[in-house]
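Only one chain is included here, represented as structure tokens and corresponding to the form predicted alone.
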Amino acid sequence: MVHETFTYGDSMVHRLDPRIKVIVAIVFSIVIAVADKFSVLLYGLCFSLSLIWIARLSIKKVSFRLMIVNGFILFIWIFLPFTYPGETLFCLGPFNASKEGVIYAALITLKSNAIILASIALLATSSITTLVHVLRHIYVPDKLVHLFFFCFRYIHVIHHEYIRLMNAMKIRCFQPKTNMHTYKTYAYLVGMLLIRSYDRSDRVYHAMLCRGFKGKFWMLDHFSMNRFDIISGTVLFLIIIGLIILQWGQIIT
């Protein structure tokens, strides 16, 4: 389930204007994603770790999220070095690992961890409602904003429906096995979730129309930027500009 674990706090990152945090997270992620120098990625990773430290987030909870991400990256290390063409670095039985494949896997690892850590520090320290408000301020299309908000709002409801259906199956002594009955049962479970999701979305839509919804959420509170936000945002953008110069400085000159 999606929980706003890191939302509550009183660090400098928590107090920073959410608009600055979202823009910095987007720009930083783009720069790191297209960078291909190890020095830039290492500095980017240090920048992300610094944000985690400044935000005073729980190392245990952050590490747990990194373990999930790096669990997928592990498959890249298993397959990519042995399938990417290039100079042979070492042999593992009949399989040859290429130097280029190892470098490529290392680049992906550094990029993924740097972006995830920065996203946790900058985005997870704001509530979902605040992030939706920010998306409206930076002129993201209304339909995408609504889709993002409702996905978060009703994923909990769908999860509760899933728990109810699973409990109903257990009460009827359902035991999952590798047979056709089990496959059909899980197929019915997915089908019922889809049907109930559609029915609930239709009811919510008509309820919103009854309350005068015309495609826009009205906010009572609005952001206000102070001197701390301006100074902090300037420092963050200067760091990102430094990464850009380090990556593409020779091309620019």
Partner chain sequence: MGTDNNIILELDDITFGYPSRRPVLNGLKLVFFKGQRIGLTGGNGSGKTTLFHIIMGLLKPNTGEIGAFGKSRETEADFKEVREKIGLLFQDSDDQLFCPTVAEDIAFGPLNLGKTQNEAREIVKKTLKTFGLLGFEDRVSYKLSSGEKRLVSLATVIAMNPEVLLLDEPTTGLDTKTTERIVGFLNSHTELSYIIISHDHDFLERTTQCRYEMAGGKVDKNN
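In this text, the rigid core denotes the largest set of C-alpha atoms whose superposition between the two forms falls within 1.5 Å. Residue numbers count along the first chain shown, from 1. Not measured: the values here are computed from a predicted model.
Below, we refer to the form predicted together with the partner chain, which is not included among the displayed structures.
Trainee: Is Asp199 close to the partner chain in the predicted bound form, meaning a heavy atom pair under 4.5 Å apart or at it?
Mentor: Result yes; Asp199 sits at the interface with the partner chain in the predicted bound form.
Trainee: Just to confirm, Asn167 within 4.5 Å of the partner chain in the predicted bound form by heavy atoms?
Mentor: Taking the distances in the predicted bound form, the answer for Asn167 is yes, it comes within 4.5 Å of the partner chain.
Trainee: Flag Thr88 as yes or no: does it have a non-hydrogen atom within 4.5 angstroms of any non-hydrogen atom of the partner chain in the predicted bound form?
Mentor: No - in the predicted bound form, heavy atoms of Thr88 and the partner chain never come within 4.5 Å of each other.
Trainee: Check Thr129 for me: does it contact the partner chain in the predicted bound form (non-hydrogen atoms, 4.5 angstroms)?
Mentor: Flag for Thr129 set to yes.
Trainee: Using heavy atoms only and a 4.5 Å cut-off, decide whether all three of Tyr8, His133 and Met192 touch the partner chain in the predicted bound form.
Mentor: Checking in the predicted bound form: Tyr8, His133 and Met192 are all within 4.5 Å of the partner chain.
Trainee: Given a 4.5 Å distance limit between heavy atoms, list every residue of 168 to 184 close to the partner chain in the predicted bound form, or none if there are none.
Mentor: Contacting residues: Ala168, Met169, Lys170, Ile171, Arg172, Cys173, Phe174, Gln175, His181, Lys184.
Trainee: When you overlay the rigid core, is the Cα of Arg200 off by 2 Å or more between the shown form and the other one?
Mentor: True for Arg200: a C-alpha shift of 2 Å or more.
Trainee: Answer yes if the Cα of Thr185 shifts by 2 angstroms or more between the shown form and the other one on a rigid-core superposition, and no otherwise.
Mentor: For Thr185, whose C-alpha is compared between the shown form and the other one after core superposition, the shift is 2 Å or more.
Trainee: By the 2 angstroms cut-off, has the C-alpha of Tyr104 moved between the shown form and the other one once the rigid core is superposed?
Mentor: It does not reach a 2 Å shift.
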